[in-house]
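Next up is one chain by itself, shown in structure tokens, the form predicted on its own.
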């Protein structure tokens, strides 16, 4: 049975990557959360997809150019609906505090604007401090970031995100097992359109987990269930829960 992992929380019910979106996911009894993190100017981790706040708040500019206090002064919910006006950007600590009921916690680390990888060690350290490291998987499109996670703790479960334009895509298509061994990957997180039953079986035979994204259509969710995908990362956790569990 594929685990249902809500993409940026239940983002069709509440503003993405906010505490209300993750709380709604919990109400749907999902198996896991997926989020995105960035470092602030003062070196703290906040949950947000974009490197700027322009799309999801009433502010402007890059997250890395703002302190946490400056970011917390912004409204990250009003763009979604008046009901969520005044919603604050979450810290990773606030996010992890919601994760106790979950089976898996997927933190996606975005590549830093300056190319540094200090977010990696911070995610690992805070996950340990908050008792969720055993549930943690870290995904990224940036292999340097994933390797920095392993340097922070060699037992970190790292997952490579990829799509057709991603740097290692051709190598993975040619030989996913060799790439996984080379970089010590726990899982692949491929764009859903690139996944086949044979690909999942090949990865499973080598002990590699597969969690495709972003799986929103009923037929795709049902197919991945039939193909024994390990998880589905979805914007439609309510639909996915119904298909997976009859919930």
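Everything quoted here is computed from the prediction, not taken from an experiment. Numbering follows the first chain given and starts at 1.
Missing here is the form predicted together with a small molecule; even so, the following discussion is about that form.
Contact stretch among 34 to 42, 58 to 66, 200 to 208, 179 to 187 - heavy atom within 4.5 Å of the small molecule in the predicted complex = Contact-bearing stretch, as computed: 34 to 42.
From the list 135, 88, 128, 110, which entry has a heavy atom within 4.5 Å of the small molecule in the predicted complex?
-> In short, 110.
Does the small molecule come within 4.5 Å of a heavy atom in each of 7, 141 and 161 in the predicted complex?
-> Yes, each of 7, 141 and 161 comes within 4.5 Å of the small molecule in the predicted complex.
Wondering, does residue 21 line up within 4.5 Å of the small molecule in the predicted complex on heavy atoms?
-> Heavy-atom contact with the small molecule at 4.5 Å: absent for residue 21.
Is there a non-hydrogen atom of residue 224 within 4.5 angstroms of a non-hydrogen atom of the small molecule in the predicted complex?
-> No, residue 224 is distant from the partner.
Taking 4.5 angstroms as the cut-off for heavy atoms, does residue 232 touch the small molecule in the predicted complex?
-> Judged by the heavy-atom cut-off of 4.5 Å, residue 232 is well away from the small molecule in the predicted complex.
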